[in-house]
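The chain that follows stands alone, in the form predicted alone, written as structure tokens.
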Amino acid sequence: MEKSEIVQSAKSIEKQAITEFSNAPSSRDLYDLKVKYLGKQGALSMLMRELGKLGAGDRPAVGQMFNEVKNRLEDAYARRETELKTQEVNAAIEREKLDLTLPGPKIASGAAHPISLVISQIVEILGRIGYSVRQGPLIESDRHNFTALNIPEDHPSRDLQDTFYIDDRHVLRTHTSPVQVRTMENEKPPLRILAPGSVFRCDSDASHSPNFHQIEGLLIDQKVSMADLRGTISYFVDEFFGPGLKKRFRPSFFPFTEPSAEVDCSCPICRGKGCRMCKQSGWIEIGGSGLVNPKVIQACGLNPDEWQGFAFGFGVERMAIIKYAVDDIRLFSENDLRFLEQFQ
């Protein structure tokens, strides 16, 4: 098919679909129409297969047109679905003649755990700019957990009082950074990944737990700079905590990044005015970041002269404490229903 024929066919499908959506007598019929037009074997999907037959110069514009048509059809479907479901609920109420003033039985309902909520939110926000999730084992080799990340033999994090050792060569991972190593070893760059999961350290008090959660991000590409890192972090903070917060990078040191920086934002609770959460400073530390050390890139089998990257990491419990103003990290693991019910 020629470009003009594809465009005309797409417009015809859109017009016919919107007409049939608006005339659908029930939500079931409406769903069948959605499958008919937007399903994997639907009319629009089948037409989109013609895109590959166009010349390279025509594909971007036609592809954008397809996206716009699909978005309009999904909007039309959502509007009609809301109308039909409202009508069906009202009709059911009328048929059943229930006395809605009588109290019903109380049914306990579950809810997502706040840690799961925060991880889902972070993954969704950064997924919009191309990041996808990778997983790794909880028991890691010394190489993946320390050596490949440029952590020297005499580094304090290798001590028994800081790390849970399984044997001489394996540990319970102390961070999710080994997932970054495994990804660089097994996938070809460019890369944009997130590594959420449990980590383990020998620490336990009101603000620390021996088993907690981290989520780390890694970008590997060519000509990567601190400006790219700052832009990514600024975007994330605005989306996660809301716009208007200040951000700052403080010089720091991590063996696996160079240069390294701690990331702060103005307190989301008091908006920088000073409160108990930020200890009256107006600032909250949210994580660490930096450009990936060339030694780490080389240890993972990539050429540091060709590939650069940045990495950042957040403690999930810490992000949940800040977002939901939680006083004690131990509440996340005690499973007290009085605490968990607040997140329904």
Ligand code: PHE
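Residue indices: 1-based, along the sequence shown. No experiment lies behind these values; they were computed from the predicted model shown.
The same protein also has a form predicted in complex with this ligand, omitted here; what follows describes it.
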Checklist entry - Can you pick the one in 249, 240, 254, 164 that has a heavy atom within 4.5 Å of this ligand in the model of the complex? => result 254
Checklist outcome for this item: In this chain shown alone, the residue from 304, 282, 42, 288 with a heavy atom within 4.5 Å of this ligand in the model of the complex is 288
Checklist entry - Contact between residue 311 and this ligand in the model of the complex at 4.5 Å, heavy atoms? => result yes
Checklist entry - Taking the shortest heavy atom distance, is residue 134 within 4.5 Å of this ligand in the model of the complex? => result no
Item to check | Close approach of residue 201 to this ligand in the model of the complex, 4.5 Å, heavy atom | outcome: yes
Checklist entry - in the model of the complex, does residue 140 have a heavy atom within 4.5 Å of this ligand? => result no
Item to check | Stretch in contact in the model of the complex with this ligand, which is absent here, among 119-127, 220-228, 254-262, 241-249 (heavy atoms within 4.5 Å) | outcome: 254-262
Checklist entry - Using a 4.5 Å cut-off on heavy atoms, what residues in 162-189 are near this ligand in the model of the complex? => result 175, 177, 180
